[in-house]
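One chain comes next, on its own, written out as structure tokens in the form predicted alone.
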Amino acid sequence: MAVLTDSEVQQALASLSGWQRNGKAIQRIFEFPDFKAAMEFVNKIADAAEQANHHPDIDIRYNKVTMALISHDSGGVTQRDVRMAERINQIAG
């Protein structure tokens, strides 16, 4: 899959609430009331990622979850990452 240009990534980020560029990836930090709520969210994302066969990098720090998306096989952000970010936002509500 083709890597998006910088302007294509910026255009996609404009419609992805909470997401930003971080190096070659896009990322969003989610905050929850407690650790259990954060883990419930991560488990929902795991199910969606398995269905999409596209897995975010996930960092969990108590009640904060950072999701980062990059198509490692392509070397940057692709439409697959944008679609997964949209799905993550849907799950987050």
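Remember, it's a predicted structure, so these values are computed and weren't measured experimentally. One rule holds for the numbers: they count along the sequence shown, beginning at 1.
The protein also exists as the form predicted in complex with another copy of the chain; that form is not presented, and the subsequent description refers to it.
Contact check for E31: every heavy atom lies farther than 4.5 Å from another copy of the chain in the model of the complex. When contacts are judged by a 4.5 Å heavy atom cut-off, A52 does not count as touching another copy of the chain in the model of the complex. Contacts to another copy of the chain in the model of the complex (heavy atom within 4.5 Å) from stretch 53 to 67: H55, P56, D57, I58, D59, I60, R61, Y62.
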